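In structure tokens, the next block holds one chain alone, the form predicted alone.
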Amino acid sequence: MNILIIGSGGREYSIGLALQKDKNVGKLYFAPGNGATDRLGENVPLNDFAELAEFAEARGVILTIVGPEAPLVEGIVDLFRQRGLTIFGPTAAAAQLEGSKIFMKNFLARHHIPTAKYIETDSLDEAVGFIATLETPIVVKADGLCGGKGVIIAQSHDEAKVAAADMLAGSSFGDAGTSIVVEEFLDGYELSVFAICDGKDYVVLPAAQDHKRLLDGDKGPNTGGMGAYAPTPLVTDEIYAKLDEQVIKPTLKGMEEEGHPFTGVLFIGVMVVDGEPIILEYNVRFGDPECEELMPLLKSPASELFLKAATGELANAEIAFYDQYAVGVVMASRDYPYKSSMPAEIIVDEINHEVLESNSHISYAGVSREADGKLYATGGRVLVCVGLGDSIKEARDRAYMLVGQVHFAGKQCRTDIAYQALKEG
């Protein structure tokens, strides 16, 4: 079957890499793709939804997979379905779980799904009054999509009031912040859990743990993610069971009852507090860089997982995962996350280590192929070095061995990805 992947990052590259190894897959298309996705398939310079649908029809595309959140919130799934095309992802109405933090928090409250104490408001006076009732730190969130940057963790009441005022005035995040959520800070450890859903049934993927801060030891500014590993031993069978009963099942039931059956990826941001999973947020697509670790752990054909979820047939799917671990280390450009960096040529040394060659790979993200045919680092997060192994340490060591083979001017990365799990072990 021919498959179209919407997006241009490491997440979409990783999905393409998994599908490339699938004997059921014919031609892969990426819209728009990046400078390296043309190694896996054909890049298509389109972003208009109607033009993409016409392209899918003309090229006999059996399945379209949407990577980023923006097209989902903007209704690409609705348009494709209206054209009779099979597409993996939620409708615009269901994508409100990510598109509006207010919708998401109110949904959790309506369906008695555990989450932090909060208010949603467009009134500064109301926000300030609620802030005064909370202990610090305090979390202030813009309602709309902000590219993963619309959350402020204020260390004082004054800082929280300033954050709320700036958001509501439109100074921080424009229209995305003119309504806000203020909530209590939860103290625990954070997890990323992904459920592939078809509206009624679901498959839970191995839980992952992301590393958001730029520097070792979780220091420095927040980023889109500097690395991740999966599965994490911090998720016990008891926590998986609680997530099933207290979170995923009531979410799918609630979305169906409200007329928006959820299909696609339900990305659950979880804070575990005293053994209890509390929901921080929902996203409606794979996390990046978590997707880069989850895809190589998938043992069954990737096309089966995506296609059966898109067509409501997950109950008939046999989805299996390798009994292994994956660790991914993000290599970022010199000035990330503060500003754009000058393009830098990427050089990857020839790998002569047989074990490393068969148990590691690169997922490319912020890269461009220039007229000279060479690959250049042109984005903030440039690529992810992924290592696989029978233990987290083995996978981590292989990921960092691969990091040592990759060179570009100004490269930066953390040196402690998966440290939480290794410390626990």
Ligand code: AMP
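Predicted model, so just to flag it, every value in this text is computed and none were measured. Throughout, we count residues from 1 along the sequence that is shown.
As for the form predicted together with the named molecule, it is not shown, yet the points below apply to it.
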*the named molecule in the predicted bound form: within 4.5 Å of a heavy atom of each of 116, 186 and 190?*
yes
*What stretch, of 158 to 166, 279 to 287, 309 to 317, 84 to 92, brings heavy atoms to within 4.5 Å of the named molecule in the predicted bound form?*
279 to 287
*Do residue 79 and the named molecule share at least one heavy atom pair within 4.5 Å in the predicted bound form?*
no
_Can you tell me whether residue 298 touches the named molecule? I mean in the predicted bound form, with a 4.5 angstroms heavy atom cut-off._
no
*Heavy atom of residue 203 within 4.5 Å of the named molecule in the predicted bound form*: no
_Is residue 212 near the named molecule? Define near as a heavy atom within 4.5 Å, in the predicted bound form._
yes
*Considering the named molecule in the predicted bound form, which of 145, 305, 102, 139 comes within 4.5 Å of it through any heavy atom?*
139
*Among 153, 128, 134, 272, which has any heavy atom within 4.5 Å of the named molecule in the predicted bound form?*
153
